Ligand code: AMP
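Below, in structure tokens: the form predicted on its own, a single chain.
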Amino acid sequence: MKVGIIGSGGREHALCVSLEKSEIIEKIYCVPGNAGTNQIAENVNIDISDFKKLTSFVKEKKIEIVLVGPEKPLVDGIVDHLENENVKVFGPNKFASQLEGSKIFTKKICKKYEIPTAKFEIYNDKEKAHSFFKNCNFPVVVKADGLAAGKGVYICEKEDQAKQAVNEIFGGKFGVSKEVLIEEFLDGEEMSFFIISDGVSFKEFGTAQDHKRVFEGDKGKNTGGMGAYSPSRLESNDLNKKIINKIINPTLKALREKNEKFKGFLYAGLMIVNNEPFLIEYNVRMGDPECQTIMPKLKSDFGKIISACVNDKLDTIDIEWHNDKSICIVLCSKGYPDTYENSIEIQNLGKIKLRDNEYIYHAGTTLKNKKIFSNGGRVLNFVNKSKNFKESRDQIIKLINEINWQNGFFRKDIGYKVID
């Protein structure tokens, strides 16, 4: 079977590695891919926002399944476009992708179906939002409605901070915003919970916890993710049941009642307060770097799982896992998440000999004249799975130090809540 993967990050490389091991996959195309996917698949330089060109390529190469990695093409309707051309796609359609594409869409579902979430208000007027802050309890969370690459969320301790957040959102910092979402601040511990669905049935697909802040101790600016570990330390059968019954099932019911279904990965970003789950947000694809910690733990054939999903036969598949801990540390370009230099050669990468439990997933890399160069803020993802989180982290740091890339930096404390 020929498959195509849309995207160019560490998540897509991790998915590519898992598919490459499948006994039913003969060829993988990555659009556009990176220097890592280039080693096991054929990279194709097509703009992923050009759906027409993508579709032509898929048909020309007789690609049987397309797996969509990032959120933007999903929200923009790539699945609908490909399915209209009779191409099977692993990923949700445009309607279902609003679960990530519009925080307000999701909040309205929460309200109607009594899904536990932070109390919230929606405003389409800047002055009315400002007046709300005069009598509210701080801190509050102010959010842009649409996609904002993980950066459209403000935790505001004071009225002037909240007003500035509203001004920036309505001012177009994250694109055109007609509405702003204001939420109560929930004090608990975060958890990422994943399912995989074929639109008829679904199965759990692991838990993780990521570290968004750029500096150690979870300080500094938000990033796309500096590292992650799996499983979450909060995971338990009792909590998993609560998440399924109170959050996942009602959400899928809401879609069914609109004559829609969800196909693909659904990622619930949760806040756990006194062992009770509250939905913070949905992502309609695998997280990054959570994906990189979860996929190495998968024992089952990923190609068969994806094939079952696009053919509405997920209930015929048993998903098995290795009973390991997994940690991912992201090596970033100096200056990230602000300004940084690209096209810096990573010289020692080819000299590294990985053990069976070690992985290096490329994120922001590119290949020029058989040499690997940086091509983004988050450059490489180092993953280790073992029976012990500390052992995994120590081995990763040793590996990063071996590469000794002078233009990179990383957090040495990833997983500190489950280690120290």
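In this text, residue numbers run from 1 along the sequence as written. This one's a predicted model, so the numbers in the text were calculated from it and none came from an experiment.
The same protein also exists as the form predicted in complex with the ligand; that form is not shown, yet it is the one meant from here on.
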The ligand contact in the predicted bound form: Ile344, any heavy atom under 4.5 Å: no
Contact label in the predicted bound form: Asp301 to the ligand, heavy atom within 4.5 Å: no
Interface membership of Glu183, the ligand in the predicted bound form, 4.5 Å heavy atom rule: yes
In the predicted bound form, Ile155 touching the ligand (heavy atom, 4.5 Å): yes
Partner-proximal stretch of 196-204, 130-138, 236-244, 276-284 relative to the ligand in the predicted bound form, 4.5 angstroms, heavy atom: 276-284
Proximity to the ligand in the predicted bound form, single hit among Glu216, Glu190, Asp324, Asp80 (heavy atom within 4.5 Å): Glu190
Contact residue in the predicted bound form, from Ala254, Ile248, Ala308, Met271 (heavy atom within 4.5 Å of the ligand): Met271
4.5 Å heavy atom contact with the ligand in the predicted bound form for all of Lys103, Ala118 and Lys143: yes
